[in-house]
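Just one chain is shown here, as structure tokens, and it is the form predicted alone.
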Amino acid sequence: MFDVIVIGAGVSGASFANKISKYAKTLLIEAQDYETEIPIRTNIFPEHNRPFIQNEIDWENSSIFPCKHTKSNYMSDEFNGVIDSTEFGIPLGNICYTENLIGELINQFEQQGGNFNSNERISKINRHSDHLELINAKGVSYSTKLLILATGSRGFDLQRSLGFEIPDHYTGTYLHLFGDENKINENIEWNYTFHINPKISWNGPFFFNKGKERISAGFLGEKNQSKEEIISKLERILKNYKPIQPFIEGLKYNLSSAVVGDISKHPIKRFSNDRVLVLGEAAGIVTAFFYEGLLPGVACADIATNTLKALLEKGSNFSRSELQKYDQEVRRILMPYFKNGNALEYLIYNEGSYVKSLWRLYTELLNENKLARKYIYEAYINHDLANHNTSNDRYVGEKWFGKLPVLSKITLSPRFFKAMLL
């Protein structure tokens, strides 16, 4: 009998397993074959993530964080809205080689006595009065007092079987491009490039994350889009889309290595039930506009651990009423910060004729307004997300609205007003 079983060894699951194994007998299960390779991912890891991993991971570990994140470019067809940390202070955060972050978390977990099963898929979960029984695809079963679902967008069947909703989800893809570090720095000066064009997607950005000798590029597509369709579109973008050609000139890539999968957004109504918690992307806890999933992943892991420590000490039966504190704390800590993303999503990700012009005006605003840039910078580095200053977001929104032509103000004022209330 395990005290805790965690399904899913992405950032959220591995981080939680590492933390909770100090207090409980823990099994971590991952469907992918991590013994062969943890799939590479190059992500931004903002400064506001740091408090949730600072007891486990060295912020200066160059194998995990190969370089500082100093510049973000919110890019339209006309403007580069650049947030340059050197204008205001410390770096925006780090660039993260996420496979190394996960590997380090799992290594620490095993050193603390945790059990890790890679390349194992759970196919069924049975409830009993005092425990849960997990059965894998080969018929082997495990028993646990508490189950943690950290399956991202890959465990919806299990989620449904336990009575949870599943979040909205869309097909996304990313690909790594490789080259000499000098060539990459010559091609692209920003660590993170966030670009919106409705011809690419109505649901999300096309992005670049720049590491050392590699960058990742990708975009969010449509619901239920096939792997062949989205990779074909990615190929067309990389070969033909003029605005990005200078960024990728001379770099090598292999489309067969492109990763395709569902990406979630919009939180489900509840994140806990008797003997079960749902963490991070599995619960749709992803920033709705930016699709930042690492912050909710490490934050949910930390919140869950803090919730469970006292319950483990008193021999809890992990009832829904006891676990509700996790839901409450997730909402208290993360949702104030998420409000800005919800408003931006409402204004930008819609099949309307104003999308392109709105995004152009937003990037122009960042290009010319230092205070707007400063407020975005402060959101990157804020260690106290529960007290995120929403008045800063309101300022940026009001200045953005002020840039609209008169007729657009009349047409879009109800939409901006509603966005401020989200």
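All values reported here derive from a predicted model rather than from experimental measurement. When you see a residue number, it is the position in the sequence shown, counting from 1.
Below: the form predicted in complex with a small molecule, not depicted.
Subject >> 4.5 angstroms heavy atom contact with the small molecule in the model of the complex for Ala17 >> reply: Residue-level check for Ala17: no, no contact with the small molecule.
**OP:** Answer for Asp393 alone: is it within 4.5 Å of the small molecule in the model of the complex, judged on heavy atom distances?
**Re:** Result no; Asp393 lies far from the small molecule in the model of the complex.
Original post:
Does the small molecule come within 4.5 Å of any heavy atom of Ala419 in the model of the complex?
Top reply: No, Ala419 sits far enough from the small molecule in the model of the complex that none of its heavy atoms falls within 4.5 Å.
Original post:
Within a 4.5 Å heavy atom cut-off, is Phe207 in contact with the small molecule in the model of the complex?
Top reply: The answer is yes: Phe207 has a heavy atom within 4.5 Å of the small molecule.
Original post:
What is the one choice in Gly152, Gly114, Gly221, Pro167 with a heavy atom within 4.5 Å of the small molecule in the model of the complex?
Top reply: None of the other options qualify; the answer is Gly152.
**OP:** Taking 4.5 Å between heavy atoms as the contact cutoff, choose which of Glu322, Asp302, Glu329, Glu292 touches the small molecule in the model of the complex.
**Re:** So the residue touching the small molecule in the model of the complex, by this definition, is Glu292.
**OP:** Can you work out whether the small molecule is within 4.5 angstroms of a heavy atom in all three of Ile7, Val11 and Ile263 in the model of the complex?
**Re:** Yes: each residue has a heavy atom within 4.5 Å of the partner.
Original post:
Based on heavy atom distances of at most 4.5 Å to the small molecule in the model of the complex, which listed stretch, 350-358, 39-47, 60-68, 374-382, is the contact stretch?
Top reply: Residues of 39-47 come within 4.5 Å of the partner.
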